[in-house]
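The chain below stands alone and is given as C-alpha cells, in the form predicted on its own.
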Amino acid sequence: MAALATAAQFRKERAEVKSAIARSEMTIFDAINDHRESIRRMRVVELLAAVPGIGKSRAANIMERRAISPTRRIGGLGPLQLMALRKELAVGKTDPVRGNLIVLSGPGGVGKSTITSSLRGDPRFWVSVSATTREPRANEKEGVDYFFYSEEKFQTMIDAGEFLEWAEFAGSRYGTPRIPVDEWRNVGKHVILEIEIDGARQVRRSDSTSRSVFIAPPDWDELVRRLTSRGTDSPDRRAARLALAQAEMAAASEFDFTLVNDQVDTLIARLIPLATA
C-alpha cells in the first residue's frame, strides 16, 4: 500500500513538472535542479519531450546527437552532459550563471564529513572529489571517494597548476583537481570543498571569489570528547590530535563565516543561504 501510494505521488509530481514545462512556466533546467526524488529519477528524454516544439521524436534525436543514453535519469547527468543540453536548447541564449565555490574547513572531529554527506543529495550542489597518491582501500571507488593518481601524474598536475590546493600527509599527497570544479561551476552548480585549514588558505589565494566557512564545535569540551573517544588511539596520538585541533580553532578568524555544528540539520539550514546567494 505504501509503495503504491509513493508511485502515485511520483506520477503526480512528474506530471505537474511536465505540464509546467509545456506551458513555459519553467525550463527543464529548473526541473533538473529540483531536489525531489520523483524528479531526480525521471528520464531525461521525458523531460525533453515536454518542451514546447520538441516532442518524443526530436527528444530522442537530441539525446543521440549529444551522446546521452536514452535511459539516463536526471539525477545521473554529468557536467558535460548538462552543458551539451544547454547548448542544444540555448535557454535564454545566454550562458548559465556560474556556481559558487564554498570551502568548508575546521578542526578534526567537528563533523565536516557528515555535513558534506548531507549535501550530496541536493541537486544545487556538487561535493568535490579529492585526488591522492595513496593506494585505494578495499571499499573505495575511483572518482567517488578519490581520484587515485600515481606520484608522476600528481607531480605533473602540480607543475601544470591543475590543483586548486594540495598537501602532503602521512607519506601521501592529496589535492583538489581544478578541472571538475570548473566544469560543475560552469553549469551552475555550487561546488563544496571539504578540506583542511592549509588547503582553505591555498584556495583563497588562487580564487578570490571562493566563500570560506569555518565549522566550529559547540564548545571545546565537546570537541575534546569527540577527539578522545577513539579507544584505539595511544596517549601520544590523542595529545597530538588535541594540539592540532587547538591550532585549527585559532584559524577561525581567517574565514568569511563561522557556523557552529550544534545540530547538523540546523547548520545546513544556515549554510545553504550563504552558499547559494
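All residue numbers refer to positions in the sequence shown, first residue = 1. Here the structure is a predicted model, which means the values were calculated and not measured. We call the rigid core whatever largest set of C-alpha positions still superposes within 1.5 Å between the two forms.
Just so you know, the form predicted together with a small molecule exists too; it's not on screen, but the next bit is about it.
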- Task: Would you kindly say which of Gln81, Ser118, Asn186, Ser130 lies with a heavy atom within 4.5 Å of the small molecule in the model of the complex?
- Result: Ser130
- Checked Leu77, Leu89, Met157, Ala167 for heavy atoms within 4.5 Å of the small molecule in the model of the complex; positive is Ala167
- At 4.5 angstroms, heavy atoms only, are Lys153, Asp207 and Arg211 all close to the small molecule in the model of the complex? no
- Message: Is Lys141 near the small molecule? Define near as a heavy atom within 4.5 Å, in the model of the complex.
- Response: no
- Task: Report yes if any heavy atom of Trp126 sits within 4.5 Å of a heavy atom of the small molecule in the model of the complex; otherwise report no.
- Result: no
- in the model of the complex, does Tyr149 have a heavy atom within 4.5 Å of the small molecule? no
- Query: Counting only non-hydrogen atoms and a 4.5 angstroms cut-off, does Thr176 reach the small molecule in the model of the complex?
  - Reply: yes
- Considering the small molecule in the model of the complex, find the one stretch among 212 to 220, 32 to 40, 240 to 248, 51 to 59 with heavy atoms no farther than 4.5 Å from it. 240 to 248
- CA of Asp182, rigid core aligned, shift of 2 Å or more between the shown form and the other one: no
- Task: Examine Arg124 after superposing the rigid core and state whether its CA is displaced by 2 Å or more between the shown form and the other one.
- Result: no
- Would the C-alpha of Trp166 be classed as shifted by 2 Å or more between the shown form and the other one after rigid-core alignment? no
